[in-house]
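As structure tokens, one chain now follows by itself in the form predicted alone.
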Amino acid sequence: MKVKMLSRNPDTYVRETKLDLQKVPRNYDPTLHPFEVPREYVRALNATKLERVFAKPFLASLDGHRDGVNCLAKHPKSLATVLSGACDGEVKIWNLSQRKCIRTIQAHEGFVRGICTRFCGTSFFTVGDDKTVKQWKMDGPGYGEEEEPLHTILGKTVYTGIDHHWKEPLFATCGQQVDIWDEQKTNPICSMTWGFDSISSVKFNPIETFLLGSCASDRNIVLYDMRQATPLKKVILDMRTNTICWNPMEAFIFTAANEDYNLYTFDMRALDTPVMVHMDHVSAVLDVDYSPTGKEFVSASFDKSIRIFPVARSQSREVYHTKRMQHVICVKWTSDNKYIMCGSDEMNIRLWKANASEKLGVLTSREKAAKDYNQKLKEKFQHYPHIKRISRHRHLPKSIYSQIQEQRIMKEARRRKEVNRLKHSKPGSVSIVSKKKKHIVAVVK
């Protein structure tokens, strides 16, 4: 007679210590879990609701300026250090971890038009309405010393922007023309111009560091090659571009902030068609900055809000606003990809979370696992109507909301007019222009 004996290994179910989690045997056969998908759907719905409940992005307001904040700059080596320039010529250096100003400099008479840091972080440059370019030490003066710039260059015209080369001791300024300067010389080593209008912004490419782009008030975006000291090509849009920002991960991609409420992402190899048109703002877009990952960018607008756009989508994923925040002039995404700073008309610099519902501080391993699991669930069920509606909903100020409704009506009227014109015209007489190409006037090489 055979006797079947039960044999169990205690290692599979006995805990080593009282602090360990209980080991629960599980059979993953899907036939034993017929309600797995409905259960996961409920979890995804709860995770989406909790994400909106905990979405509190505003962290701090740095006040101390006596006029509107006109420009911001990040320190290349220190995450906690930020520089800001105001409309009264004052430059402040802030410590973000302590959330206070650590140094104030009266740098210029009139506006501080641009500010940038040297690639090594030992000094920074400012330009202002007083036609000067000044280089300052990042560290404050010693005891008994006066606050003096390291170098001062007096120009012939007002400079409207400045940017430093990412690897070499060179910097570029813009005004009537784009000038490339050596730090040790008082005259530009080369000057480049194309057209006769004033240039509002100039930016070096962070990957192909010899390339730089500028935008002028005659609606041009011009690309230059520093090695040949000549302009490469330019694209003319319907309305003026305020500034551009290069993608830090893709050498040929840049995004332009335009006066027609849109942002245009271009591939510099094919400027005749934008890669993407980003359309959510209801007023002129004044500044744009990429995240260090190159997957998203943040834009600041005259409509008193900032928006975060994924690079591959035309709609924003997030909008930040407060009752007190006025026209947002400048914006920066910090180098650790966690925070966003914006400077606005009413003299404040605000610090926001890049991910509105993210928990700050150290997470335990169980918290990390739960966060990752919830994220995967939200991705899995993101297209279900109920979950999609909750995750997309954002509260907007009444002014922005009413402008969105108004622009929707105007857009629909334009579309209806085009359809009617096409319907009642001779076949082939009315050409159909795609939405992307509609705002491009010409590309000149």
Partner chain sequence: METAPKLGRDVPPKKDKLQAKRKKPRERKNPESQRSLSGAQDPFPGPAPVPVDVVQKFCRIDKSKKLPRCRSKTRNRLKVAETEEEETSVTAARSELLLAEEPGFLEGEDGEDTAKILQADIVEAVDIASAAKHFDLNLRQFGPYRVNYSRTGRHLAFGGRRGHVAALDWVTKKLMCEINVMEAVRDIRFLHSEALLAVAQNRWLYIYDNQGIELHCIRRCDRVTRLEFLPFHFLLATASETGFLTYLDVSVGKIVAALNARAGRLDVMTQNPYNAVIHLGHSNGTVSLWSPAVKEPLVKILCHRGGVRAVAVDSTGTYMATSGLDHQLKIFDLRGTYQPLRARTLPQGAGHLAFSQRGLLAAGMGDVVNIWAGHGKASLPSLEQPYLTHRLSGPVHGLQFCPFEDVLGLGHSGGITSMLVPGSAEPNFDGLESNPYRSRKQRQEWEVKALLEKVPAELICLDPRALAEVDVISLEQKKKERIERLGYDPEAKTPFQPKPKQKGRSSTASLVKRKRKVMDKEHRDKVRQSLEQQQQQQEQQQQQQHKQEKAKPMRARPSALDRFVR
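Numbering follows the first chain given and starts at 1. Rigid core (definition): largest C-alpha set, two forms, superposition within 1.5 Å. Fair warning: this is a prediction, and the values are worked out from it, not measured in the lab.
Not on display, but discussed next: the form predicted together with the partner chain.
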Checking 26, 398, 393, 56 against the partner chain in the predicted bound form, the residue with a non-hydrogen atom inside 4.5 angstroms turns out to be 26
Can you pick the stretch from 116 to 124, 256 to 264, 322 to 330, 98 to 106 whose heavy atoms fall within 4.5 Å of the partner chain in the predicted bound form?
-> 116 to 124
Exercise: residue 8 in contact with the partner chain in the predicted bound form, heavy atom 4.5 Å = yes
Non-hydrogen atom contact residue 207 with the partner chain in the predicted bound form at 4.5 angstroms = yes
Can residue 402 be called a contact residue for the partner chain in the predicted bound form at 4.5 Å between heavy atoms?
-> no
Please run the contact check for residue 130 against the partner chain in the predicted bound form: heavy atoms, 4.5 angstroms, yes or no?
-> no
Applying a 4.5 angstroms cut-off on non-hydrogen atoms, the residues of 21 to 42 near the partner chain in the predicted bound form are 22, 23, 24, 25, 26, 27, 28, 29, 30, 31, 32, 33, 34, 35, 36, 37, 38, 39, 41, 42
When you overlay the rigid core, is the Cα of residue 10 off by 2 Å or more between the shown form and the other one?
-> yes
